[in-house]
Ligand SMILES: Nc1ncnc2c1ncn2[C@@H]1O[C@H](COP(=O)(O)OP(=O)(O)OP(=O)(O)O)[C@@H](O)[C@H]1O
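One chain follows as structure tokens, the form predicted on its own.
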């Protein structure tokens, strides 16, 4: 096991294409960290640099206090699990899992013992004599994990290993990866473009865009308190609502307003005045068929959609089309007027030019790794 520290790490390819720029983060020993971002964000490049598959253009990589920047891949003692599984088709399951031990010239009897232990851990003991072509996607994934686990590496690097699985199997494999992490207590670094994977598994989430770090924080905080407009727009099953307007002080409260909306912003300490972008997630706005409070914006319902298990409405208020949650049993219908109620504790303010967050997130203690949380429960 090892902590991983990336110190001003950059990678520029031929032609001046910057895949990663000045990335500085520390991944604590034993944590499950997800690197999240869209295609081309630099997340797989970061993983390849940690593995030694790619050579850094600038910066350093440390495992614990050891500088491994120029260390060859085989001497870094990491294990990679790929999206394509990377199994050898001519080898049985047992031979695939044992292959790293064969390269180390481990005696046959000892290899067999370790393979059996790993297969028991993964529940694939009955598959030892089968070939990859005889396995389902989930079984192949477990074999690929087994080949990584049997090496007992310092760091596990996983490059979108669940992307080829169907939705139900993907959920079960997330649970399997969490279970394995808890048992092994190793450092897991998992690359994905799927926010559900990242939020479900990560102790922390590292968000990249255009090769640059956007936010690195506990999984819950990345969702609840996005550091900038990009993170706010990238996370969430439904897109965040964004409004352009002005901040001004009215009495003891700061108010956001534009031609169609006037919304109090009581939480945190936003700027007292100036232009701003207000971001509100759909589940932080409630749609009512009748007015149940003062100063609720009124609009007309343009359409309804189900995002299981909830119902959401798109409400037209002036020039805005606002996505909001419909409470169960509320008689909201397309074409009818509706009132919107904003949750004041879930409003996000961003600089309209830089996109940076304006209302500061509350300070909280550093996240405790999942395996320690469960041990303390």
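This is a predicted model, so every value here is computed, not measured. Positions refer to the first chain, counted from 1.
The form predicted in complex with this ligand exists for this protein as well; it is not shown, and the discussion that follows is about that form.
With the partner left out here, this ligand still marks one of 329-337, 37-45, 313-321, 55-63 in the predicted complex; by a 4.5 Å heavy atom cut-off that stretch is 37-45. When you look in the predicted complex, the only residue of 203, 160, 176, 139 with a non-hydrogen atom within 4.5 Å of this ligand is 160. Looking at residue 358, you'd find every heavy atom of it more than 4.5 angstroms from this ligand in the predicted complex.
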